[in-house]
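Only one chain comes next, encoded as structure tokens, the form predicted alone.
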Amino acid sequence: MQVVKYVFQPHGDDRGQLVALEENKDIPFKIKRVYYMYDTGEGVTRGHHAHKHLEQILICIHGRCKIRLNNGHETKVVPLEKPYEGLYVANNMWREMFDFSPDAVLMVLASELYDESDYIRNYDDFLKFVKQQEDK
């Protein structure tokens, strides 16, 4: 399983740092939705789903967390610890976000608007979806 982690170009001087992101340039898709998670309690795991079509870039803009990705065959854990790093998450990837630091803010850039029918929330259904995609 290939994990794609982007390193965005920070621009800074004695005033601080700035990272600018542009769709179809720094981000490999048109951004249709942005949301973020914060105040995630100790021991809480978020996610537990995959998507049929939606792609995402996850950026821990403050603090740190870990992302567990599973493509139906193997699992990898990717730490997000720098506000200029983004993790690409493909549509057919089970994801879980966990081990949030108390100050973590995880921002998500999404390729589609919210659509409940795009979610795969049951892991066994996800495995069936992966198999169907491979059989095509």
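Fair warning: this is a prediction, and the values are worked out from it, not measured in the lab. Numbering starts at 1 and runs along the sequence shown.
Keep in mind that the form predicted together with a small molecule is not shown, yet the notes after this line are about it.
Here the marked residues Tyr35, His49 and Gln56 all reach the small molecule in the predicted complex, each with a heavy atom within 4.5 angstroms. Contact between Ala104 and the small molecule in the predicted complex is not found at the 4.5 Å heavy atom cutoff. In the predicted complex, Arg68 stays away from the small molecule, with no heavy atom inside 4.5 Å. In the predicted complex, at least one heavy atom of Met97 sits within 4.5 Å of the small molecule.
Among heavy atoms of Tyr123, none comes within 4.5 Å of the small molecule in the predicted complex.
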